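Here we start with a single chain on its own, the form predicted alone, put down as structure tokens.
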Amino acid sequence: MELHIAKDPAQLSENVAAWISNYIQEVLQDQEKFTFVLSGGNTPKQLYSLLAKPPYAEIIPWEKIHFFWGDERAVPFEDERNNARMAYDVLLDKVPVNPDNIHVMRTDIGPEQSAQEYEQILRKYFKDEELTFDLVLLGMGDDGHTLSLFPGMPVVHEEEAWVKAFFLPAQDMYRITLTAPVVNDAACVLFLTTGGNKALTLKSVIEGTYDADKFPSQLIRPQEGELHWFVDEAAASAMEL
């Protein structure tokens, strides 16, 4: 695991944008396409808006990138809480991506059906591959959740399925999410975490005893791939560095 600390969220976003751009170009020297799992929530918004502007809008070979999502709220695409909509608004509508390479988690069908369909897409896509995604971008909630893997929920213990749908009573909605097994087979996982409100949780996740029921972010430990935590000083403030 590599820890990268930046002064504040703005500097963090700059650092991550440069890192991702370099990584994409490096990987594409050896292969024809790049698979990128996008994260929802507020933390990546600033990153996406940087990637959508020069120099990254020009130097990243967008047409070679295949986009996937880590999780989705089962709300219509038009709903501002929809993760895919946010990514389109801030990034995908602003750069020359190939529409056929964008794989959203559908919310115009039932959540269970959507999860099964997404699982089939992924199993077909990676059927002959040793690893899954080239890059998975994740966030961490102040409760230690990542993706839609929330503390105490059965999905935390999923070991077979790559995609699951379930009802989250605390939010009174269905969620669709990638599971730990498919993410842990990725080539590279990057957590993006900011804010003093996450400092104690971040310390527990990285330095504390393993308790995935309490801190599901601890589940993410790539088998063969890299794990990077990009955090700001506020988020890192409780750690023993």
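From a predicted model like this one, the values you see are computed outputs, not experimental measurements. Residue positions are given as counts along the sequence shown, with the first one as 1.
The form predicted together with a small molecule is left out here; the points below concern that form.
Asker: Of these, 53-61, 35-43, 180-188, 206-214, which stretch puts a heavy atom within 4.5 angstroms of the small molecule in the predicted bound form?
Answerer: Going through the listed ranges, the match is 35-43.
Asker: Any of the heavy atoms of M140 lying within 4.5 Å of the small molecule in the predicted bound form?
Answerer: Taking the distances in the predicted bound form, the answer for M140 is yes, it comes within 4.5 Å of the small molecule.
Asker: Decide whether T107 counts as a contact residue for the small molecule in the predicted bound form under a heavy atom distance cut-off of 4.5 Å.
Answerer: Result no; T107 lies far from the small molecule in the predicted bound form.
Asker: So in the predicted bound form, does any heavy atom of R85 sit within 4.5 Å of the small molecule?
Answerer: Close contact is absent here: in the predicted bound form, R85 is far from the small molecule, nothing within 4.5 Å, heavy atoms only.
Asker: Tell me, yes or no, whether D71 is in contact with the small molecule in the predicted bound form, where a contact means a heavy atom of each within 4.5 Å.
Answerer: So D71 counts as contacting the small molecule.
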